[in-house]
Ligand SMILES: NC(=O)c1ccc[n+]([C@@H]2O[C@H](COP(=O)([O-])OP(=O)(O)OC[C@H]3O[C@@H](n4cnc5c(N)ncnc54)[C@H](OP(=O)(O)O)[C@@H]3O)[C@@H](O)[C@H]2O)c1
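Given as C-alpha cells, the chain that follows is alone and in the form predicted on its own.
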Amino acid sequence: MILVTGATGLVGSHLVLHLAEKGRNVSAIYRNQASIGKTEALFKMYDKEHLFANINWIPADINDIPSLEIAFEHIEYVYHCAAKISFDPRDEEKLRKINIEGTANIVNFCLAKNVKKLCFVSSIAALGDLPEYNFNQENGELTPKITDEETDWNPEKPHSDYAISKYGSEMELWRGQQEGLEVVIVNPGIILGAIPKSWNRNEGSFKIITKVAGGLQFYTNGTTGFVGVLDVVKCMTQLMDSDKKGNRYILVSENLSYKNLTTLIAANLNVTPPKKEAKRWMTKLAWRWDWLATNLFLQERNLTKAVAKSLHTKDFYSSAKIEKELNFTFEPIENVISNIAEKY
C-alpha cells in the first residue's frame, strides 16, 4: 500500500491520479472534507472521475501523531508532498512546524513501521548557492553558473524562511537514511500545471497565470527553473519503482526568464504580454510599500523582500542527473503552458 501526504495540493493531487491510473493501491491523508473535493475536482478536469473512488482517504495531519498512527497501517511506500509554501516572514514558525517537524514525524513513522522507501518533494530553494556568472579571464566573457545536485548550501548567505525550512526538511530525510530508511529527494523548479476552476487561482505558481490573464503590465529579467507537474509525478514514481536511493534529483525542464515565461503565457491565452520592465529600484519600493500596507490594513503579503530579490536573480539549474539515470525527457515548457491554457 502507498501513502501520499499533501494529496490535495498541486503535486499530490496529480500524483494520486497518476498512481490510480497505474492501478496502484493508494491511501491519502486529508485535513478536512472540503480539501478532498479539490482533488475530486482535479480528477473530473482530466475526465478520470471514475478513478477517484479507488483512493482510500484517511483523516490525518502530519503534525498529529495519533492520526498518523492510523494512516501508516499496512503502508509500504510513502510519497511526502505535504508542505507549507510561504515567503511571508510572519509565517516562519508555521513553516518550521509543518515543513521540518512534520517531515520529522513522517520519517519517524517510516522507520517505526518499516516502510520500504520514502520519496520527498523538496524544492530548488533548498539547493546550494552560486554566483550568477563565471568570468573567463581569457576572453572576458561571462557564462552562467549552473546549479546541480552537488552544489553546496552556504549557511552564510541570506535565505528565505521557506528555503531554510525545506533545507531543514531534507536534513530529516538524511537522518532517516542514516537510521536505515531508503529515501529519495526531488528538487523541482517552479511547478506549473493545470488546476480546476474551483481551486484558488491566486495562490502558488498558478498566480503567474492569473496575473498574465488579467493584464500584467510589468516583467523582470530574473531567471529560474520551471517544470510541468506531470513530469514531476512521473519522475517521482519512476524513482520509487527503481533501485535509486540515497540521492537527490533536480527536476527542471527549462531555465527561463520571467519575461520569456510571461510572454509565452500571454501568447497561449491570447492576451497582451507585459511590455514594461520592472527595475530593481521599482521592486524595492514595491515590497516596502507592500510591507507597510500589510501592517496598516492587515492584509496578506503579496510581495516580500525575498521574492522581490528573486525576480531579478539569474539562477540556472541542471537536470542532467535524472535525464541520464532514468533516460527521462522533460516536456518543453511551451507544451506545459499550452495544456494549462486549454483548461484555463
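The shown structure was predicted, so the numbers you read here are calculated from the model rather than taken from an experiment. Start at 1 with the first residue shown and count on from there.
Although not depicted, the form predicted together with this ligand is the subject of the following passage.
Remark: all three candidate residues (11, 29 and 85) come within 4.5 Å of this ligand in the predicted bound form, counting heavy atoms only.
For this ligand in the predicted bound form, the listed stretch (175-183, 269-277, 256-264, 188-196) containing residues with heavy atoms inside 4.5 Å is 188-196. With the partner omitted here, the residue from 123, 105, 223, 160 that has a non-hydrogen atom within 4.5 angstroms of this ligand in the predicted bound form is 123. Of the candidates 302, 35, 313, 56, 35 is the one whose heavy atoms come within 4.5 Å of this ligand in the predicted bound form; the others do not.
At the 4.5 Å threshold, heavy atoms of residue 7 reach this ligand in the predicted bound form. Although the partner is absent here, residue 250 lies well away from this ligand in the predicted bound form, with no heavy atom inside 4.5 Å. In the predicted bound form, this ligand sits within 4.5 Å of a heavy atom of residue 81. Although the partner is absent from this view, residue 62 contacts this ligand in the predicted bound form, with a non-hydrogen atom inside 4.5 angstroms.
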